[in-house]
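Next up: a single chain in structure tokens, the form predicted alone.
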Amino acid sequence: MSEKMIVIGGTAAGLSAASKAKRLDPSLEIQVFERSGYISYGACGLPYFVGGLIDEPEDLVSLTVDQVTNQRGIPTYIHHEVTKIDREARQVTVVDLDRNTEQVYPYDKLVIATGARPIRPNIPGVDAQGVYCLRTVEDGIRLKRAVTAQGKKQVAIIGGGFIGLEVAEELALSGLEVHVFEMLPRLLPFLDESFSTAVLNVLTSHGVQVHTGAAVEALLTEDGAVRAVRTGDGAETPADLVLLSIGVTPNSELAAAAGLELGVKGSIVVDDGMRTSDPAIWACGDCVQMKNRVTGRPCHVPLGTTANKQGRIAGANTAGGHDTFPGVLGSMVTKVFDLYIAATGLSLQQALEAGYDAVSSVVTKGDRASYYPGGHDTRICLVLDRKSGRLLGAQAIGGESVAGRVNVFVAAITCGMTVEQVNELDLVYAPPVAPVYDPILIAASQAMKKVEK
């Protein structure tokens, strides 16, 4: 008799798990339930959809319900919300949101891939008309509709993280007046301070008004609609619409109600094989606790790349495999106007808090031969252990080549390399793509001077 497997969540982690399990064990009867109206979409593309660079929401979708159901043989249901997990009976309760009906489905194996949701601050006016989040395709459609509406000219973005800054870029390019409110003293505080300043400068040079050290204490309303943002110093900034972009929290309520173990920030605790505290239940993606590959400590770093990897591992193991997930470095990259920003591993502050005798080193170097046109300055910050020289983290800003260079540092940190070993790498050289001494080598060479002899 075939085993029944249910997957809760039909985006990156959930569909990766379902697809991998079906490939390895075609006899599995797998069903996927997704609460929203879209599956398998690129959430990282939502800022560019809102800004008009991407025309249609369907352009963000990799797989449709029909493709997954009929081509992959995995029945998939949108607008279906799992409301209860009964571990003893091994069954889930599912509500069809379109028909408002409820049905119970049995399972032998269960995968929880419920993702995360935007944090909504507990401030007056947060539920007013004109206040948006950006997490799902439906969120993107609503925000884009508001942005393109007649008379909408002033936008307030609360939160200066990657998503908030990407949306700020897109809306400024669309001709709107954009204000970014960041509670902390500077943008992207995990970056070297000079890098944060560079990000601030590129935003202001393109007309984005950035308010740092600005805690939003209320959204002022009129006739039920937002009209202004008030910060702790009493200043009021008019706004026709507001985007909340202050981070996410794991969707772990189902797991908590079922008695599964929770960890950092309420995320679901899993082992290296993505199995929860119940041996019949796996979890993956933005809803789970992860392990930092440098410190070995629990963390929660919600990224699409991680969700896809964890989904494949969970799917393989539900099908009888023994795959493991080694952890995360938190590698990330984005673009703010013409400035590219990439980072991996620990920041200096994180390294110090983890107990390392850490130091940082910053260099600036052109990303092409000096005589070859079209080059950009690349600034690299390396974080290292002073005693051993072990590389703990890396950041870079500059042209688009910073992504590839930070990926080299990703490999180096993963392998436990020292900055001296990085300095010995036999990297490529050609005038159009890199100078004789690559910025990576210059950064490592300078960082070596910080190592105790």
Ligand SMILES: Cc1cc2nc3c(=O)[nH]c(=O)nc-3n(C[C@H](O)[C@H](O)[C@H](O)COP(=O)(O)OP(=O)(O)OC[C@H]3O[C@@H](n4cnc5c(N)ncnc54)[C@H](O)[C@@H]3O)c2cc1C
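Keep in mind it's a predicted model, so treat the numbers as computed, not measured. Residue indices: 1-based, along the sequence shown.
Although not depicted, the form predicted together with the ligand is the subject of the following passage.
Taken together, G115, L134 and D286 are fully in contact with the ligand in the predicted bound form: each brings a heavy atom within 4.5 Å. The partner is not drawn, yet in the predicted bound form one stretch among 170-178, 267-275, 73-81, 352-360 has residues with heavy atoms inside 4.5 Å of the ligand: 73-81. When the ligand is considered in the predicted bound form, A43 lines it closely, a heavy atom lying within 4.5 Å.
When contacts are judged by a 4.5 Å heavy atom cut-off, I8 counts as touching the ligand in the predicted bound form. Heavy atoms of L254 reach within 4.5 Å of the ligand in the predicted bound form, making it an interface residue. In the predicted bound form, the ligand sits within 4.5 Å of a heavy atom belonging to G14.
Residue A307 is the only one of V383, A239, A307, L110 with a heavy atom lying within 4.5 Å of the ligand in the predicted bound form.
Note on contacts: among G130, P302, G125, G159, the single residue with a heavy atom within 4.5 Å of the ligand in the predicted bound form is P302. Using a 4.5 Å cut-off on any heavy atom, the residues of 28-44 that reach the ligand in the predicted bound form are, in sequence order, F33, E34, R35, S36, Y41, A43, C44.
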